[in-house]
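In structure tokens, the next block holds one chain alone, the form predicted alone.
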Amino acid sequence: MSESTSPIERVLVTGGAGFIGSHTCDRLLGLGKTVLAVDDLSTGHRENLAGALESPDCTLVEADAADPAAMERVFDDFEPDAVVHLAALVSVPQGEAEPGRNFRLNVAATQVVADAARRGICRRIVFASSAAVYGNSEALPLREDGATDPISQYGAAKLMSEKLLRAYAISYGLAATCFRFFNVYGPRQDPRSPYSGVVSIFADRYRAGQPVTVNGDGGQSRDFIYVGDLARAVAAAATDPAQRGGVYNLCTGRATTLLDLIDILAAEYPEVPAPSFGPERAGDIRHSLGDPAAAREVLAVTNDTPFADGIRALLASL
């Protein structure tokens, strides 16, 4: 791992125009950093960066993070001190339907970014991994030292990228931090996108006065983390030169059911009809819960936005 404690002033964010990427850019700018957002705009949106691009310290470059030549030019021109690699194919179903594309965007792109970093002055990478690396583990809460047994192409690709970055860290002295994201929600998550989660979809329907359909009994639970909390943790790992890297869950350690989500939305929109219930979806995990202790202890990050407050912020943004 890198021993450098030089100040980190210039940060490149791949997938910077996306839901999580744009919040990360905002946070980095708030810390006084110079930011280059790289995005091919296939799923990201320029308008997500509308506020950030008002700053002279933020620039958007349209490029494919999996293109070696493009990324070499970007790194040579910008000379980042750190890179936050968020660009990915984030749809599990699409990863199953297009395994080759999943590999290119979720593994090959990681290698491209890591190689561009190690050839230049950049010695720090923060990578968006996923709780999908744990698969269907019932050993809750999920801990970083627990078993990894992904059951999807997407989860397998994220785990491969973690291992690749660990090897780059050992071989080339990079500080590589891999964050296993749990269920992220908040403003700018497009409810009409096939990549969106249940929170933004349900929130959009309630706001439109339309009832929702729950697959199953609503008792299934997830560890929902507010995007602002997540972006704060990512930016901290990218900009603190004392951090040596590692693998960490980004989660809250609190289980929230779909019925809990519906109760919050129903309180905001009491006129919306009650939900209907349908059959469970095949392959759905009943419960997912992470242990946030390692990130809290090593990185001093806390993910403490109350779920109801985060939902209200999401609703206000729609």
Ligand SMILES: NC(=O)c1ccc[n+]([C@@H]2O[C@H](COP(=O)([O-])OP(=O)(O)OC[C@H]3O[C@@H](n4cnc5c(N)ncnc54)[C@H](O)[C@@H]3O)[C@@H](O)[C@H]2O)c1
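The structure presented is a predicted model; accordingly, all values stated were derived computationally and were not measured. All residue numbers refer to positions in the sequence shown, first residue = 1.
Beyond what is shown, the protein has a form predicted together with this ligand; the following relates to that form.
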Hey, of 251 to 259, 32 to 40, 264 to 272, 51 to 59, which bit sits against this ligand in the predicted bound form at 4.5 Å between non-hydrogen atoms?
32 to 40
Selected contact from 203, 128, 142, 82, since only one has a non-hydrogen atom within 4.5 angstroms of this ligand in the predicted bound form:
128
Decide whether residue 184 counts as a contact residue for this ligand in the predicted bound form under a heavy atom distance cut-off of 4.5 Å.
yes
Though only this chain appears here, would residue 63 touch this ligand in the predicted bound form if you measure heavy atom gaps against 4.5 Å?
yes
According to a 4.5 angstroms non-hydrogen atom cut-off, is residue 234 in contact with this ligand in the predicted bound form?
no
Contact of residue 158 with this ligand in the predicted bound form (heavy atom, 4.5 Å)
yes
What I'd like checked is whether 19, 44 and 88 together line this ligand in the predicted bound form, meaning each has a non-hydrogen atom within 4.5 Å of it.
yes
Sequence-ordered list of residues in 138 to 156 near this ligand in the predicted bound form, where near means a heavy atom within 4.5 Å
154
